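Before any questions on binding or motion, here is one chain by itself as structure tokens, the form predicted on its own.
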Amino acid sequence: MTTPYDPADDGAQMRFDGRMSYSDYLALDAILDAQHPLSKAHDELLFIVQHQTSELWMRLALHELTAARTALAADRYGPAFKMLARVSRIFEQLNSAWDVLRTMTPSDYTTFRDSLGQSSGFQSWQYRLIEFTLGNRNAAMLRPHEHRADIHAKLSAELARPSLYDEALRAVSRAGIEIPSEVAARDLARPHQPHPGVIAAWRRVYDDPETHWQLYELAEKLVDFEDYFRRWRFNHVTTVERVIGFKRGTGGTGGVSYLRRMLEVELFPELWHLRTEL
């Protein structure tokens, strides 16, 4: 008779009285006790877990984007590139999550939709902070967070900082490629608008990548990230239309019509526009 395998024979730790365990380190009791469905609908747990895990990934994305911006401001290109590549993979993960949510049918969703009240992903302050950090800035989007002074202050503070794209353009300028003064001195709280002078600056990079390799790689890292970000938005629209059609969102937005409008937003516009000219 074979003796059952005991991991302790190979040195595995099996007793954790007063010692750090896996569950302790990850605070799993708090995390796994954070799902509180308000109905008896089977699919409400899926809906909650989908959005909670998305918020955790967004937390990591913000951690990486903030650090990448700081590194870029100090011309530390290597760490910035690594962080931006990681954020792209984070959004790849977020994209895959829509596949799970799409297993929920319209009939499934209607069994608990009323339990959501006026809550909506439109109100995610972390998502809004990601957009502000990237450069898609709209002070009107502060209003859904006025009831939380701490979150409102965090978002307002971001509007006073250079965005990630602002820092990319400053890096271009420091490398000796002219960025138009009206772009460099713009109101940081407002979104960046496409400018032919910025297209010309990036074109110098793309016309001679060997000379401007770090800026060339920076541009491609930004395009790579926005590619994944656009896919995330598109998957969001498709999922919402598949589940609720053209009903209004729980938060009062137009639902699909609002999300389709967001598909038109360009985070790093000149990096896309110059491709037509190359």
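Numbers for residues come from their place in the sequence shown, where the first is 1. Note that this is a predicted model, so its numbers are computed, not measured.
Although not depicted, the form predicted in complex with ligand HEM is the subject of the following passage.
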item: Contact test in the model of the complex: residue 121 vs ligand HEM, heavy atoms, 4.5 Å; value: yes
item: Ligand HEM contact in the model of the complex: residue 35, any heavy atom under 4.5 Å; value: no
item: Touches ligand HEM in the model of the complex: residue 58 (any heavy atom, 4.5 Å); value: yes
item: Residue 128 within 4.5 Å of ligand HEM in the model of the complex, heavy atoms; value: yes
item: Contact assignment for ligand HEM in the model of the complex, among 62, 244, 41, 222, heavy atom within 4.5 Å; value: 244
item: Listed residue that, although ligand HEM is not shown, lies within 4.5 Å of it in the model of the complex (heavy atoms), from 70, 253, 238, 211; value: 253
item: Options 148-156, 101-109, 185-193, 168-176; stretch whose heavy atom lies within 4.5 Å of ligand HEM in the model of the complex; value: 101-109
item: Contacts with ligand HEM in the model of the complex, stretch 151-171 (heavy atom within 4.5 Å); value: none
